[in-house]
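Next up is one chain by itself, shown in structure tokens, the form predicted alone.
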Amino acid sequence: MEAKTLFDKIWDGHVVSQVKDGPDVLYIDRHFIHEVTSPVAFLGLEKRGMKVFRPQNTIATPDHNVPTINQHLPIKEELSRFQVETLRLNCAKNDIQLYSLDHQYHGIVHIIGPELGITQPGMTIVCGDSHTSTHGAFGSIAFGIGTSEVEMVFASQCILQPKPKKMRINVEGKLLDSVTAKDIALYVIAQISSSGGTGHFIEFSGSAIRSLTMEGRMTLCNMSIECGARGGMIAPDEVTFDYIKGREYAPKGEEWETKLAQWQQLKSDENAVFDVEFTFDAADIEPMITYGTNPGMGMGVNGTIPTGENLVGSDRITFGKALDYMGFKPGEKIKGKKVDYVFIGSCTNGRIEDFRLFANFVKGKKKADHVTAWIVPGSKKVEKQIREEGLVEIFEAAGFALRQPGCSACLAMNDDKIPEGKYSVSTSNRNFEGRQGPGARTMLASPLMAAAAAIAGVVADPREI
């Protein structure tokens, strides 16, 4: 029997039919939706006189446009208010479960799926959002789709999709002190470039990957698309099963035992062939920070900005423009550069583990006076845990204030925007021009690096504070 990758096993098991010399018709187990990419899809469905085919397989939450303070009040911004209300009406019309702003399970779409046990191994999962790759941490095939594809899934619970190539990225060895999953992600992207994974689905493997918690694995898979890949995934193991067990939508009783037996088979066969394979040494990774305008322009915190001579293709063309935008020069150190804003949150680093890490670092210290910090939990459940564990008192003693759940300063579609020209150390996933606000200058980093910057007031190595 032919050896198969984990990706092949799940994909092939969900193919309904194949279009000759074309894409596969792929069945979708879970469809997550939010207020930004669903309205036009719902409208298209309505125009055809149709309703959502399998509403029980669809889960909705508003997250991109929502404010992160005073959520009990009407949303001030007109378009955001309209989109959130439209989502509510569309879900009511189509019998879709909506975790609205006032619901105890409200949060960012890629945070609430896993924490509620909706995300499970072996599934196919889509959402009109590129960072759907997050759910691949559970050993599922998860990827972002466009609005027309959202409508396709609404209508049929299937999607037309060409099968990607397969890539395996192995990270072996023990991670150094203060190195997190976010640092692994930024290191890998810097090594293979922001387009190095194009056309592929990545399986992350190796001892350093297996040592990660589920929160860390979600961060890594979340960032997989930033190297151009279609998505990322990690084979499920005991860490995965322990995380899922007992959650609201997790299988119970006999069904749990049946599912567990199936999930334990979800791994790449020993002789499975990948189209591309990379292996990295965990000991080579230090706390990372970006210096440019794509996530591949990253380096160790103690490094110097490169000259760009070794870059190829579009990265080389945009290198000078990126440094001009950021106000940096080749050969400079970023360590010691003044920081104006710090943001911890987003679907990349908005989980309880991220806030525990941040709190542990800032405990007994004080935030730099000139730094504005936004501490934004990824969900109501995370917010509740922060309060129950006493982390909010640690934040407040150090000069930080906790906000309410939402995508916040990740993408400037709400009130949390970084002003023009200001420098932000952000735990989010993208540092494109204007991503956090027109003219904002974003440096991507881990929660530990963000904590160090907030305390020092400059880009700093957390190991030295």
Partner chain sequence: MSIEKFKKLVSRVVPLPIENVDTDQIIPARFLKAVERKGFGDNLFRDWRYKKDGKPNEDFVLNNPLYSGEILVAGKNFGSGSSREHAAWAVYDAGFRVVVSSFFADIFKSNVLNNGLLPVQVPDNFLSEIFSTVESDPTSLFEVDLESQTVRNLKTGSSVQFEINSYKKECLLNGYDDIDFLISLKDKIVSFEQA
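Nothing here was measured: the structure is a model prediction, and the numbers come from that model. Positions refer to the first chain, counted from 1.
FYI, the form predicted in complex with its partner chain isn't displayed, but the following is about it.
Using a 4.5 angstroms limit between non-hydrogen atoms, residue 123 is distant from its partner chain in the predicted bound form. Among heavy atoms of residue 418, none comes within 4.5 Å of its partner chain in the predicted bound form. Interface membership of residue 321, defined by any non-hydrogen atom within 4.5 Å of its partner chain in the predicted bound form, is confirmed. Within 4.5 Å of some heavy atom of its partner chain in the predicted bound form lies at least one heavy atom of residue 200. Checking 172, 269, 149, 353 for any heavy atom within 4.5 Å of its partner chain in the predicted bound form turns up a single hit: 149. With the partner removed from view, the residue among 228, 303, 251, 308 that has a non-hydrogen atom within 4.5 Å of its partner chain in the predicted bound form turns out to be 228. For the candidate spot formed by 48, 82 and 315, every residue has a non-hydrogen atom within 4.5 angstroms of its partner chain in the predicted bound form.
Only one of 371 to 379, 202 to 210, 327 to 335, 139 to 147 places residue heavy atoms within 4.5 angstroms of its partner chain in the predicted bound form, namely 139 to 147. In the predicted bound form, its partner chain lies within 4.5 angstroms of at least one heavy atom of each of the following residues of 14 to 31: 14, 15, 16, 17, 19, 20, 21, 22, 23, 25, 27, in sequence order.
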